[in-house]
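Just the one chain here, the form predicted alone, laid out as structure tokens.
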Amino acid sequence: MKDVLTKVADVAVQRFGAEYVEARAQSLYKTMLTLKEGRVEAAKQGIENGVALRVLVNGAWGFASVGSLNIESLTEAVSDACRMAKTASSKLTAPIKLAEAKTVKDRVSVKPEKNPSEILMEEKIKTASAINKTALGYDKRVKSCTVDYLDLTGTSSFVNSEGTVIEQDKLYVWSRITASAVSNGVFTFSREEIGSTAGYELFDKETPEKIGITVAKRAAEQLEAKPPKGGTFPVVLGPEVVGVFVHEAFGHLAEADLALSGGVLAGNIGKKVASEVVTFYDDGTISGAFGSFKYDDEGVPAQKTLLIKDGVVVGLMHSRETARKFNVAPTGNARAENFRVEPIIRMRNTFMEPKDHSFEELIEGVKAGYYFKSFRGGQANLDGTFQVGVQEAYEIINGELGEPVRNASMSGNTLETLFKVDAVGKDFKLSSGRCGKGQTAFIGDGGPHIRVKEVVVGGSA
């Protein structure tokens, strides 16, 4: 494969004068499965082959993809990409340049205990059915349960005109479980996501019984909860909520392409934007984590990237293009969902660094507030405003956990909220998920428990 890709790259350089060429081929085996109330609603398996071709000609990008490994088709596609780049270059105000990257020659293998591609579809359906049965059998008020499952295995090959040649094995196992419960006109919803880059042995740790009970128990308990009072309160956030806050409210602002598009961090490099107990990282090197890999889709090694240190913005997440604009080194954050699309800047495993407080110390300073344990969803805007929905929450009264509350949310301005983080726990948890930014990417996020002096809590008046 690498010989074919190298020949195609040579065509772009020699025939069209491309200053840079990259070819990214994939041969992936994918399983997708959905069960709802014990019924299989969808089950698909298949192989997905294709090649992405990206060229830089006269300072402009050209891109083409083809679902074939045939040399003639690839040569035609890369020629189309070069013509496209030449046309685009006539309208450029400033030519695109790339930051330097080391030439790499590497073969990255993964050796799972249980390779999902070797597990029969019947066994995967059996696992999903066990989750479904456990959740629905936990409490008669739990009325629905949906299990979505995905695995992806195979190989990705990367070649560029600078001499980099990389072959990487790919392996992802992911599942999202949702459940709803109804009682006396009250409706509750619960969700859980698990994922790993290790293998199907994920379900030896996150057993169907454990997952099913977790999702159903949360939905059932929330039926007895009351709505929170709306207003401004101190809150303690669990690692899962911290993770979605770091990802949604801050992480996207720290993606250099969005920073250049008007995000609030572009002009805040080197400035204090949070309290001194706040340190954030984006790390692609954590073994087995859902957002980890050895090389990104530009052939740049993954690394641990420091974003905020002691409250000060010290870095952003970069591709080679944005790294050149900021005059820094690329960080290995360029990722593409598949061969059909170009790589863009994406998070990997984004988290807050733990400190030294116990959970008891975090809540004992709160006279009247809330503990937000598990999130329901979140969104953020380039101006720094955010909202995070919470699916499991409790009152904190005089330093003690109180009654559960349901349908809570928190909102505010990211930078203002970061300044109000006054204590950070010593525990740590990383969760798995998927992020949409025009493309879907597998990511991890998390951190310790933290305390925020005040945040706007959505609820009843």
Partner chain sequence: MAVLNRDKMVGLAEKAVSTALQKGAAEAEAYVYEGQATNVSIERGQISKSSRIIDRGIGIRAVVNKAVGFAYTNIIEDHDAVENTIQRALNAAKASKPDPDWKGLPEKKPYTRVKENFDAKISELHSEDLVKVAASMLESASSISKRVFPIEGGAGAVYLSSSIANSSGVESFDKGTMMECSLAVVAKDGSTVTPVCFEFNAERNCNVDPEWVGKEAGRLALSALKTKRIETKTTKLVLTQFALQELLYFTLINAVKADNVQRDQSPFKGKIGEKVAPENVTIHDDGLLPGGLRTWAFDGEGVPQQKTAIIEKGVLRNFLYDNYTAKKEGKQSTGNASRAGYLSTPSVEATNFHILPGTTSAEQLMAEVDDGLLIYYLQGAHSSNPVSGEFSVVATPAWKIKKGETVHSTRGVMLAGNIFEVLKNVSIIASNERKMGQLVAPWILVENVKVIGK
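Residue numbers count along the first chain shown, from 1. Everything quoted here is computed from the prediction, not taken from an experiment.
Unshown form predicted in complex with its partner chain; subsequent notes refer to it.
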- Query: Pick from Glu48, Glu400, Glu403, Asp427: which has a non-hydrogen atom within 4.5 Å of its partner chain in the predicted complex?
  - Reply: Glu48
- Students should find that, of Ala64, Cys435, Ala423, Leu415, the residue having a non-hydrogen atom no more than 4.5 angstroms from its partner chain in the predicted complex is Ala64
- Query: Does at least one non-hydrogen atom of Phe386 fall within 4.5 angstroms of its partner chain in the predicted complex?
  - Reply: yes
- Might Val312 be said to contact its partner chain in the predicted complex, defining contact as any heavy atom within 4.5 Å? no
- Message: Whether Asp257 contacts its partner chain in the predicted complex should be assessed with a 4.5 Å heavy atom distance threshold; does it?
- Response: yes
- Message: Quick check on Glu122: any heavy atom within 4.5 Å of its partner chain in the predicted complex?
- Response: yes
- Task: Among 362-370, 92-100, 302-310, 200-208, mark the stretch whose residues have heavy atoms within 4.5 Å of its partner chain in the predicted complex.
- Result: 92-100
- Checked 211-226 against its partner chain in the predicted complex; residues with a heavy atom within 4.5 Å, sequence order, are none
